[in-house]
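Before any questions on binding or motion, here is one chain by itself as structure tokens, the form predicted alone.
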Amino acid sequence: MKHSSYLIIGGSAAGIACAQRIKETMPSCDVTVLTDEPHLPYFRPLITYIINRKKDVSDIAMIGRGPYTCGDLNIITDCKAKSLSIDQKTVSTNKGDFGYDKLLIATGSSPNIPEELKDIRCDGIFALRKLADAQRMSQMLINARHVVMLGGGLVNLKTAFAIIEMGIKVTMIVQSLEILSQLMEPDDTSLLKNAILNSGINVITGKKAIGVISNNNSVKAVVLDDSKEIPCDIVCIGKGVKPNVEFLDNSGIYIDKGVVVDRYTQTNIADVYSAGDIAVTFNPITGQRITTALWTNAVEMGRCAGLNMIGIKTLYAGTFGIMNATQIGGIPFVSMGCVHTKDTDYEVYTHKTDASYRKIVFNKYGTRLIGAILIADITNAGIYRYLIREGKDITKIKGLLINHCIHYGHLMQLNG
């Protein structure tokens, strides 16, 4: 049996961030990372560039890039965890057993496949989550004419733009009445909606896919709940994710929609920590338990877990229910905190021009910033994030936030 002082299950954002923090603090210690993928760790948010061939695998590698400079990690690929024994402090895998002194569970999440589509087995159906999915889709797109995307979330939207740039027709089926409904309300989406429509992506809202028609193991069409059939060559499913907790059955680890951790990222079992998509942490605004499938949150949580694992007690600041920063159709945007304000008593300010949009949300007393949407002009978005997370009394700088003329020097006024 192999043994490691620090064993990490999962080689994506949380796992590698944890490994990096441990190694940069204690360079001589041994860290082993187990990943079930055949590839070395990579930047998952960049896999859409693999689809349209703007980047290759080496371009999106994590190790040796940016902050991930630890070059002596023991990374074992194609290694899938099967079970965990907390009494023996061992993890059983398809490549044997691994012992540990301290363990991080960072196995992430898998695509959520709707029940009506789970049993369909044919080429051309993708749930884009891993590099291998992107590579396979890239090959199939060579001969594709029409791709149907199921779901209007960020991953599908980014994928849709990558595909349409290749001259391939894209239709997006959204079960809700609006795109990006998890990130903002209908009145907030007009600029992004225009960018999507102007790109040539066809969006159908308020409809649900109930089946796929295939022939000779190839996709031929998607069937909607109104019986309409949409001919296509490829179907991409983007309907959310679910945490990878199956191998923890009967382990003694407390599971409740994910691995429940305390404010120091430790599970209910001593020496066992968790971070990333799989971890159930808390929302600093509401205090409620929450999981989020966001790269930035996973990195931050992984770093915190690494410090705690080596004995540097570090409080995790919590995870927003919403914290997304990306761009759609060349338009950057940030959505963070509490941004769904209908039927609430929040204090809300919006400002819209032909080129930009912002929505600033305060608590009902107007004393704390609790949410923000910035579209096109995302200047100093980090300040908004800091104020939301820290729960600062913003009374002295409230007007600056509303008018979007805040800068870091203004934060000194909060302590004055």
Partner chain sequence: MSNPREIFVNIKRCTGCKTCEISCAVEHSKAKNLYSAISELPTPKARLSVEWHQTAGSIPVLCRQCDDAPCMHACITGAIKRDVRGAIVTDTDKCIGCWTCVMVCPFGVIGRHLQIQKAYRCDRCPDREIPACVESCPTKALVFKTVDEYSTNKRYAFVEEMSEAIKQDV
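Please read all numbers here as calculations on a predicted model, not as lab measurements. Positions refer to the first chain, counted from 1.
Unshown form predicted in complex with its partner chain; subsequent notes refer to it.
Judged by heavy atoms within 4.5 Å of its partner chain in the predicted bound form, the contact stretch among the candidates 345-353, 31-39, 359-367, 380-388 is 380-388. Screening M26, V57, A376, C70 for any heavy atom within 4.5 Å of its partner chain in the predicted bound form leaves a single hit, A376. Scanning S85, Q182, S199, Q327 against its partner chain in the predicted bound form with a 4.5 Å heavy atom cut-off leaves one residue, Q327. Proximity of H3 to its partner chain in the predicted bound form falls outside the 4.5 Å heavy atom cutoff.
None of the heavy atoms of F247 is located within 4.5 Å of its partner chain in the predicted bound form.
Among residues of the shown chain, V334 is one whose heavy atoms approach its partner chain to within 4.5 Å in the predicted bound form. Proximity of C79 to its partner chain in the predicted bound form: non-hydrogen atoms within 4.5 Å are absent; the residue sits far from the partner. For the marked spot (R303, H407 and M412), a heavy atom within 4.5 Å of its partner chain in the predicted bound form is present in each of the three residues.
Using a 4.5 Å cut-off on any heavy atom, the one residue of 256-295 that reaches its partner chain in the predicted bound form is W295.
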